[in-house]
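Below are two forms of the same protein chain, given as structure tokens: structure 1, then structure 2.
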Structure 1
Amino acid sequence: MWFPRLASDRVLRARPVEGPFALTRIVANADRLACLNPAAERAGLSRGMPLADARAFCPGLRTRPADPHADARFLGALRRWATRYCPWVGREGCDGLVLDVTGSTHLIGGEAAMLADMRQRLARAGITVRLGLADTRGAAWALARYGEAPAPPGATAQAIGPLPVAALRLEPDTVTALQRLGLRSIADLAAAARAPLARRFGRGLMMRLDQALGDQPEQIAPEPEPPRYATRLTLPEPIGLTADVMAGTERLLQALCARLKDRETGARALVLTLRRVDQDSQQVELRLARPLRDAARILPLFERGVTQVEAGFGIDRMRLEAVQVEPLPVRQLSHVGDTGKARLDDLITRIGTRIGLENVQRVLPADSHIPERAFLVAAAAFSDPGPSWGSPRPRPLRLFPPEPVAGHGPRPPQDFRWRRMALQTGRATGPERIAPEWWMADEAWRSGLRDYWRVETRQGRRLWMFHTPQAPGWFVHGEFA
């Protein structure tokens, strides 16, 4: 199966355009045409032509940038669709599919009926396709691109014989060299002496020929079907009550959790899509603090999101998908159990559904002398408690952005005002010198070295102040217990 105009068909399916149309791609700093529709080809354009030339040929040309990733996804969707004909479907390059239909043609009604069915369905979908059917993969490739007639069983050599040598999946250089030698068709090549050709062109040429003629086997590698963690429910009558939606969700969850359990995975993020009668759809997202596949525990977490859904005239379709899954091996039951941790994770999830899972944080130790960087703040759902903390020197309970106070000289000021309070220094302990980390550009540490003092004021407040000797000034940076 070859889709000669896969990319432009894909774009034109989404928004049809009358007249010449092309997709452009930047190759070697110039916009070049990547894929054309038939109208553009009739206007004399061809692939690889610079866009400026194409515009001169055909002023009415409409273009759009090409998107190879979307094309690959589209081909993937076609590949899944093609499994309706046979289970062995693989990709062939970036614009073709290869199907091993051995033993499955009779299900559709024979080879001719199957090809007609494929053509009809793809034409209805607006996709240009060229089909080749032969005993071998190489011959089918050649027929799809250069022939377009099914080869009868056992007559592969006759069917592909008149085709040019380019139909053998060869490098362009090899094709040119063969044509110079006068070997224009596959029949010519098959009739030539093998040994000199193998010496001249390497074994690749002979391998391709043998593969096309069936003397050498070639396998089709069907792509693994990625596991899909999604379930859906269509209702005969629309529903609107929260309890009904939750009952539906429970059914979906049980099916989904059974699937997760089969593959020993747990869901980390779930999306519940509720489709209303008036075609509007609403989504309830749920992110979990740790992978789960226990329907009874996930269900209550959906309650908050479901109550916020506007049901309108009613909901008649529900779809639940685990958009993010993580491995969750089956564990041996034990009498010890860590229910405390599980319940804490549930609580983090519940809080996370309200304020966002990344806003529930825990602190982890970090290796730095800079007080603000001596610890890391990490999302609690994605980290484990760190090792124990040591603090060789007393550190304040709270840190705030440095607040300047009046003072000069290397000793803490005797009297100063901070936050509209008049304070007197009762006792000062220090200095503790902390140098900026030269390998980190930090705006706050531009003033250079800091001499930290623990200042106990006669009013009671115990402050952590620093003096910057390189840019004289006094600041309050934190407060002790």
Structure 2
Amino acid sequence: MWFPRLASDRVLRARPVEGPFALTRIVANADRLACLNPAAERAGLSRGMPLADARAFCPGLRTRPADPHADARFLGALRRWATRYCPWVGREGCDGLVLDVTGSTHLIGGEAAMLADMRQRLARAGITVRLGLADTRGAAWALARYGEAPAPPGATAQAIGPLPVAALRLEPDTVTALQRLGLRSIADLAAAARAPLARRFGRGLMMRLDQALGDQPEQIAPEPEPPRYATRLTLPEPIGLTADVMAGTERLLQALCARLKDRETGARALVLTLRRVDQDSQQVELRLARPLRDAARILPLFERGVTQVEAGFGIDRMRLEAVQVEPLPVRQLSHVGDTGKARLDDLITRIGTRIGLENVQRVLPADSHIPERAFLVAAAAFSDPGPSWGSPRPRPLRLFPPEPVAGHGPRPPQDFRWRRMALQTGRATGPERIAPEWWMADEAWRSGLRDYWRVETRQGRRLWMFHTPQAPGWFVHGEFA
């Protein structure tokens, strides 16, 4: 199966567009067309054309940026759908699928019926497809892109012989060189002497030819299904007490954690589904600050969510699934415990279940000498504590936008007013000159250099003040503890 318009079909299925449409991608600092719909191709546009030239040819062209990750997910969904025809389905590049239908076609009424069913279903879904059927993988690839007529059994050479040499999955430079030698079709290449071609183009050329003709095997590796971490418990009698639900959750957790340990993974998000006797279901979601597979640590974190469940006439089925997992390799045991970090992670998880893990934040050092940019605020559950700040000079506990004060000269004023308070300078330490980062567009730093001073007032305030030499003035930027 080859989907020549996979990306554009994916977008147009969700948002149909009348007229020429194309997806663009930045290549060599220029927007170029990546995938087009039939209307754009009829307008004379082609893949790889610069977007500016395309708009000149077709002023009514509508475009959107390409999303390769979404295209890959869409192709994965098509791969799962294609398993209705055979169990051996793999990806062929970024826009195709390869199926080994040996022994499966009779279940659908034969090869012709199977191909017709594929075309009908995909056309109904708005997906353009070209199909190739042959005895070998290489021949099927060639027919899907250059022929599309199915090759009769045992007649692979006759079916792909008239096709161009590019149908052998060769590099563009190799195709050009073969055409210059007069070898334009696969039949011409098969009839030529092998030894001179192998010496000039290497063994890869002959290998591709042999794979297409069936003289050399080429296996189909189906894409394995991702592992699912889920356990289920069916109860002989409905339950409704919190203690009973927690006991069932404990049994599910032990089985799930054993499976996670076998694959050296840990759960970051868990979903407990409780089905009641009236066929209604309720879910308890748990997001963890760190990947875990310790049932004893995870179980108490479910208690708050379980107590809020409405059991109704009773719960008769429980299902626990780890919907998000991360690698968690086995660690060497040591007499030095890491209980402090584990307790902190459990505390973050407990607080996160109430207010959200994203709202439990920590401050991390950043690589910048500008005070406002010298730190980052990140979610504690998705970041590790940073190293020591390592600032050569102390920084204030509170930092706020600069507030102007009256003062003259390069040294801090002796008497000044700040926030309706009359203050007197008792001791001043400085200056510390900080230059703006010219590569950053920051309106607050367009005044130029700043000379910072630590000012201890007689009234007890310890301020962080700076002076701007370019436009003389004094400002209060922070306050020490």
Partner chain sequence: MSGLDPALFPPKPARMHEACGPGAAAFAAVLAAQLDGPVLWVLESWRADMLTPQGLSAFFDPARLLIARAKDQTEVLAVTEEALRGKTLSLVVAELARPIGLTPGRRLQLAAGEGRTLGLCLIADGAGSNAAETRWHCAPVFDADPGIGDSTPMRWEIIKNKSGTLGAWHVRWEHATRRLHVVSPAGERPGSQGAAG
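Numbering for residues begins at 1 and runs along the sequence of structure 1. Every value quoted in this text rests on a predicted model; they were computed, and no experiment measured them. Basically, rigid core = biggest C-alpha set you can superpose within 1.5 Å across the two forms.
Worksheet item: Quick one, which of these two is the form predicted on its own?
Response: Answer to the question: structure 2 is the form predicted on its own, whereas structure 1 comes from elsewhere.
Worksheet item: Does residue 265 count as moved between the two structures, where moved means a C-alpha shift of 2 angstroms or more after fitting the rigid core?
Response: Passes the 2 Å threshold, so yes.
Item to complete: Determine whether the C-alpha of residue 21 shifts by 2 Å or more between the two structures once the rigid core is superposed.
Response: No; residue 21 is a residue whose C-alpha shifts by less than 2 Å between the two structures when the cores are overlaid.
Discussion item. Given a core-based superposition, decide whether the C-alpha of residue 78 shifts by 2 Å or more between the two structures.
Written reply: Result for residue 78: no, shift under 2 Å.
Worksheet item: In Å, how large is the C-alpha displacement of residue 308 between the two structures after the rigid core is aligned?
Response: Superposing on the rigid core gives a C-alpha shift of 7.4 Å for residue 308.
Worksheet item: In Å, how large is the CA movement of residue 466 between the two structures relative to the superposed rigid core?
Response: Its C-alpha shift, to one decimal, is 23.9 Å.
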